[in-house]
Ligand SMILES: Cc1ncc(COP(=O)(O)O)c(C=O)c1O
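Next up: a single chain in structure tokens, the form predicted on its own.
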Amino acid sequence: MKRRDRTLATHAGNNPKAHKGIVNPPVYHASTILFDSVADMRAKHKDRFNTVYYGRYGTPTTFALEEAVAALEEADRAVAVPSGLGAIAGALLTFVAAGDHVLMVDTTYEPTRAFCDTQLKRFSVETTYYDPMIGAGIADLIRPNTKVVYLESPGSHTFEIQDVPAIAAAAHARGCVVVLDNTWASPLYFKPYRHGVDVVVHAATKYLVGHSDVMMGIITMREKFFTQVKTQVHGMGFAVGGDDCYLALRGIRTIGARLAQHQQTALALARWLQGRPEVHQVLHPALPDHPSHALWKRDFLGSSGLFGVVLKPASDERVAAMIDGMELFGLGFSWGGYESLMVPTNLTTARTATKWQQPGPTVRIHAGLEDPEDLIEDLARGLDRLRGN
């Protein structure tokens, strides 16, 4: 029977009958696994990606988490790794070798760009950055040695929505694997496999965990790519501990309620900011005046708590005064936890295929689970400081 997302988030990866009726899968701490015999050891080695064979391959706690995320995303399989960047690196390195070429969206997460420009470059893999709004035009950039077309929708900091089906179709016509970072929407609000994606990465640190206390990444995939991905990440020495898997699985149980509140609060803040004289533009794809709103409305099932704000021209000192005095908006990296955050962003040097030409400074806001009215009051005081009041 097909279950809806909130039901899956509550029950997927959960089998109390296998654990003496315990509702939550227990935490398994394991390195060595004992076998019944040499024959048993050899049999399990042949199926080591799907059974408890050695701690680094995973335990029942790991498998429960991976099962839950795969079910939510409508993927066939999932693999947990120690960080979001680990998921990105593991996915990319699965499909490229020296002499290959990657097409990378220009609005990608900064650590992804850094990985391409340093690690992939060291291994003679070339990266070309492309305009996120290119759509089917991506076909003109695909070379004979292009192995991966990588998307992140919406784009980091600037929140452009990509035409995923058009890009995926063009990529598949040339034999490329389509990889997408789905961290912003989570498996609840965007279903990549309905739109032609082959492999998906998540910084599970963010909405999947949801409590700002675990570093983790998740790679989901179609079945035909599972052995390739698992072999790559296992060969890199990636493994996640049982305690972190347990915390991530616990976070997933409440993701439906949390994301609904993040979405509602972020939209309330975004609409309020649109009316402020200090604000030039709010970068939130669920707002009707966002340039990518039509694509968001066509493909997405909701929006999350993260968005950008372009301020009217102001000095660095005034922006710092605004942020430094915030009481409820913490100044810190990452996002997706229960708390609200605000960081300044520098987009003038963060693009190579496109050019950022907005008139004023930018900040990124994550709307947490606080009362929206309290957050608006904090923002109002911050904008007063921005003006020098």
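Keep in mind the model is a prediction, meaning the values are calculated, not measured. Residue numbers here begin at 1 and follow the sequence given.
The form predicted in complex with the named molecule is left out here; the points below concern that form.
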Candidate stretches 291-299, 84-92, 244-252, 277-285, one within 4.5 Å of the named molecule in the predicted complex by heavy atom: 84-92
Interface membership of Thr205, the named molecule in the predicted complex, 4.5 Å heavy atom rule: yes
Contact test in the predicted complex: Asp106 vs the named molecule, heavy atoms, 4.5 Å: no
Residue contact check: Thr183 to the named molecule in the predicted complex, 4.5 Å heavy atom: yes
Residue contact check: Ile161 to the named molecule in the predicted complex, 4.5 Å heavy atom: no
Val200, Ile138, Val309, Met216 - the one with a heavy atom within 4.5 Å of the named molecule in the predicted complex: Met216
